[in-house]
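Given next, in structure tokens, is a single chain: the form predicted alone.
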């Protein structure tokens, strides 16, 4: 068999597989984290194969910078360079958000950035592949329109389709005792109260609602729970803390996740303080505050709790849940709300990791015990 034809066929197969793997990557909600990471390894293996096969073309593209090129060729080469840069950055972000294959890599850990890079890579890949056909097409205008439509479809799928699927088709179901119960700890850190805020109890859910919004809800033994509530239960099981929920007394949030996001945005803009049930903090030395990040900061009912409670001189440990990375501006905002309290960032937990966070919480509590 002709070697050139064999290499060409391998290249075409690798290219098709790359498109399929990248699309499957964006559908992480259906494949799970472990499969997602190994599919990513497959994608980058195909990418290396593609670069090796096309190395002469890529090198020639850089060597001919001084040669006059058509507008289409210049555009195609620019897209190729951007795609290469995007894929390299995507590789680093893949390692940064990895929890199975590269848990030791502590750089570029933003999940949001990772998603945007994957979306950009798919869009650029569609244009890159389309331009190869454009060069050979007789009807250039038609080919250009098809490329534009493909790029818009890829971009829309990444920016809007994937988040929609993640919010409306993701269901988290756990064995409550298996996740919450375990070894106990003889707590030496003083009187501690766990305070948490969750959508459950603060939202007008329909009677038949299920846990399809994995960023905030889950099913524990078939019972609807909030993610932060689960973390609070873990803390209390480990060290025997008391716990209490921040509960609205007035208007609750709408059932729709998108509507809640909008309502939270309006509250933040107006600096609203939704009324909540009073929480007595006079009997505790310190508080573990568990909350989700809303628009990169604390939900406004949490701000109400912080301003209404007597927290001067107390220590406040922060545990934030999020779908991206870090604490956002929440820690700084809390310090402004309670300037006389000692605020310490403990951990920011990605939503998918919440059901398996008991050991992390126990390790943190043990570190405090050791320091006493």
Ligand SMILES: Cc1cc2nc3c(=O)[nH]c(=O)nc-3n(C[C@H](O)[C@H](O)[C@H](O)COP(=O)(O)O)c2cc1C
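Computed from a prediction, not measured in an experiment: that's the story for all the values here. Positions refer to the first chain, counted from 1.
Keep in mind the form predicted together with the ligand is missing from the figure; the text below concerns it.
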Only one of 123, 227, 194, 94 gets a heavy atom within 4.5 Å of the ligand in the predicted complex. Which one? 227
With the partner left out here, check for me: in the predicted complex, does some heavy atom of residue 309 sit within 4.5 Å of the ligand? no
Can you work out whether residue 296 and the ligand are in contact in the predicted complex, taking contact to mean some heavy atom pair no more than 4.5 Å apart? yes
Would residue 257 count as a contact of the ligand in the predicted complex, using a 4.5 angstroms cut-off between non-hydrogen atoms? yes
Residue 177 near the ligand in the predicted complex, any heavy atom under 4.5 Å? no
With the partner absent here, would 249, 272 and 301 each sit within 4.5 Å of the ligand in the predicted complex, counting heavy atoms only? no
Contact segment among 287-295, 239-247, 86-94, 134-142, judged by heavy atoms lying within 4.5 Å of the ligand in the predicted complex: 287-295
Along 316-335, which positions have a non-hydrogen atom within 4.5 Å of the ligand in the predicted complex? 321, 322, 323, 324, 325
Relative to what's shown here, the Cα pair residue 159 and residue 291 differs by 3 Å or more in the predicted complex. Does it come closer or drift farther? closer
Shown form as baseline, in the predicted complex, CA residue 353-residue 160 shift of 3 Å or more puts them closer
